[in-house]
Ligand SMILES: Cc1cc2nc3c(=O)[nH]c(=O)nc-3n(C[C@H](O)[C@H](O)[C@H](O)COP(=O)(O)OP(=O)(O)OC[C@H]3O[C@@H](n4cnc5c(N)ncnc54)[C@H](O)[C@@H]3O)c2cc1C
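This document starts with one chain, in the form predicted on its own, laid out as C-alpha cells.
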Amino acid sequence: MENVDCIIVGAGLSGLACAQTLIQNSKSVLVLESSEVPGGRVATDTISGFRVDRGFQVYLDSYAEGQRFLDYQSLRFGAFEPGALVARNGRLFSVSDPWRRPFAAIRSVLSGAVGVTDGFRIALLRSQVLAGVRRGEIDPSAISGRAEKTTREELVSRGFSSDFIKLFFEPFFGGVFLERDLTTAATVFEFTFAMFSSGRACLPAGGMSSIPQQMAHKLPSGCLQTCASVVRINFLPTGGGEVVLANGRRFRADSIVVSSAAVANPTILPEGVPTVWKPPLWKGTRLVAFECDKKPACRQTLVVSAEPLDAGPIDNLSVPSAVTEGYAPDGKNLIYVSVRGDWGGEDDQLVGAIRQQAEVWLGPDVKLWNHLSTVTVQKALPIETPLSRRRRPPSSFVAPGLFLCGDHLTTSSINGALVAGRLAAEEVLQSA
C-alpha cells in the first residue's frame, strides 16, 4: 500500500489548487481523478478539428487567485471587447465600458441604449465595488454575517431603471449566472462586476481546458492519476485513512481531501462520519456550436439578447475563434450560442430557431452556419441565492484528517474554485 501525506479525490480546479498549495509546503500528494483528464467542469472537446468548451465559459484576468496559480503568458489569453452588443427589437445596440471605450460609451448614451441617469449609476457602482473589493469588504468566498440581497434587489435599491435592468443586467449577468431572475446573491454580483470592470473577459488558446491542463502539468510526475475511480474511503477516527479504487488498489494518507462530485456519492464515505455538508443544487446550461467560413460581424464582442422569449432561444452569442487562437482550423470560424434556460421548444427545433433569430441580427450569412454540436451541461453552476449561501459549511473540515473542497464552499467561479482549493490545503496544513 502506498503512503502519502495527503490524498485528493478529484482533479477539478479546486483539487488541483489544493495539490499545488500542499506541494509548495513540502507535502507529498496523490491526486486521484476518475475521468481521463483533469479539470472537472472546465473542459473542452475536439469536434471535427474545432475546440468546443463544455458550456459557455470565460476567464476574468483580474482574478487575484488566478494570478496566484496560473501562468498567463503561457495560456496566451485573447480578450473579448469590453461591454456587449445587446439585441433588442431585432437590432444590436452597443453598451460599452466608458473607461476603456469612452467614445463607444458616449455613442451608447446617444443611441438611447443607456440613459444618462443609468450611465451615472453604472459609474458609481463600478467605483464602489472596486473599492469594496480592494478593502476586502466584498468577498463572495466568505460567509457574510449580514443578510444578503439578491442581485435584482441590489440593482433596484441603487435606483437603476427597470428598462435598463431588463436591457443590460438581465441578459448580460443572466448569462454569467445562468438565471435571468437575478436571484444570485448581490455579493457575488458585486464581485463579478468588479472583476469585469478591472480586467478583461478572456479565453485561453485552445479552449478552457488549457487552464486545468497547465495546473496539472505543474504537479510532480506521478502525483496525478487519471482513470482512478474511488469507490470507498476507510476513515480512521484518529485521522486520515485509506482510499480504495475500483480496481482494488489502496492508498493510505494522513489527510484526505474530497471534491464535491466525489462526496456526493453516498457510498464513498463510511456511515457515521460527521458532516453538515449537503450536495449543492445546480443550474444547467446548453451550448450550441456552429462553424462557418465568414467571420460574423460581432467578432470579439459578446452579443446578449434582451428580446422576449418568443423571439428565440438565444441567451448569448460569441465567436471564440475571433478572440484567441486554437479554437478553429485555419480559415474557419467557431460560433457559440448559449441557450436560454427558460426556452421551451423541442430539441429538433433548436438549431433552426437559433439561425432564424441570429439572422435578424447578423444578416443572411447565418444561413451558412453549419451545426457542429449541442452540449448539455446538467451541473454547470451551483445555485447561489442568499439562502443557499447561508447554508454553506463554515469550513472545509469534516472530521480529523478529512476535508472537502470545491466552489460550492466559496463561490461558483474559477476564482472561487481556486480559493476553495487553497483554503482546504491551508486547513490540512494547520491540522498537521
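As the structure is a computational prediction, the values presented were derived from the model and not from experiment. Numbering starts at 1 and runs along the sequence shown.
One more form of this protein, predicted together with this ligand, exists but is not displayed; see below.
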Given 361-369, 393-401, 22-30, 38-46, the stretch touching this ligand in the predicted bound form at heavy atoms within 4.5 Å is 38-46
Decide whether Q57 counts as a contact residue for this ligand in the predicted bound form under a heavy atom distance cut-off of 4.5 Å.
-> yes
A11 within 4.5 Å of this ligand in the predicted bound form, heavy atoms | yes
Going by a heavy atom distance of 4.5 Å, is T285 a contact of this ligand in the predicted bound form?
-> yes
Is there any non-hydrogen atom of T184 lying within 4.5 Å of this ligand in the predicted bound form?
-> no
The unique member of I354, I122, A289, A228 whose heavy atoms fall within 4.5 Å of this ligand in the predicted bound form | A228
Considering this ligand in the predicted bound form, which of I268, I165, L309, A297 comes within 4.5 Å of it through any heavy atom?
-> I268
All three of G15, A380 and A417 touching this ligand in the predicted bound form at 4.5 Å, heavy atom to heavy atom?
-> yes
